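In the form predicted on its own, a lone chain appears below as structure tokens.
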């Protein structure tokens, strides 16, 4: 069963379209990297998944049922970017409050996790470091024993060590509980290490999505001289020049070998993502110039 399915999903806020024509199928047990520039529609999509917003068009189902339904809410946990906690409540108070607001909550797990993290139950949330607050928010989410964990840039304000510790807990939960994770993040190098599936959103639309290994396998960086003609066996995503050479990031469209004279190397997830975002930006500029003319 898929953990998340969207069909022609769209969301408008007045005259502003935040998301449109979004169709995805996210399998169980995957860590899905959701990437894109600020304002691309990532948070809108996550809010639709967890039932904090209703679609303007299309539909979204979570764990086989409509998003926002009681069954879906029981199986979904959400950690927002600002890791919202009541600053004047202690860690123990946050556990108590979260337990009373949810039908299912593992108090023993939450208590043990805080002890392992050396977070005193009596410490007020406002006195914790950024990393400790993020860990407390994650602990409260995982103690609900969800099937789907949605994370909206939870490590954006953390230092590298705190980010590593946070993601280690997420990966452990996936391994032990078969958890599905949808993670929005700008830290592309980190995502390449952990992501199984990539969804790239720009200007409210999904630009690419797919299994990370498959995407990286069919994209290559080619280096050649400018007078060499591109092959019909690939689609150029990004082209740059350096002296007498061209560098092309391409998507292969067939299994045919590259023509002689082109040197090929694999690309990183960061290179792939940046190339598609630049392609989208260049297309937007071209459309704007055409409108002005």
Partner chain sequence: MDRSSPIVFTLDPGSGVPTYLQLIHQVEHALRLGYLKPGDQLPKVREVVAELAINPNTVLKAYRDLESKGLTAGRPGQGTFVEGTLDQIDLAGLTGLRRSLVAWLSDADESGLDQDGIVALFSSTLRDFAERRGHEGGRGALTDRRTAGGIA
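Positions refer to the first chain, counted from 1. Because the structure is a prediction, the values reported are computed rather than measured.
What follows is about the form predicted together with its partner chain, which we do not show.
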Using a 4.5 Å heavy atom cut-off, indicate which stretch of 119-127, 135-143, 159-167, 95-103 touches its partner chain in the predicted complex. 159-167
Answer for residue 31 alone: is it within 4.5 Å of its partner chain in the predicted complex, judged on heavy atom distances? yes
Just to confirm, residue 115 within 4.5 Å of its partner chain in the predicted complex by heavy atoms? no
I'd like to know whether residue 223 contacts its partner chain in the predicted complex, with contact meaning heavy atoms within 4.5 angstroms. no
Is residue 196 near its partner chain? Define near as a heavy atom within 4.5 Å, in the predicted complex. yes
Sequence-ordered residues of 158-176 touching its partner chain in the predicted complex, heavy atom within 4.5 Å: 164, 167, 168, 171, 172, 174, 175, 176
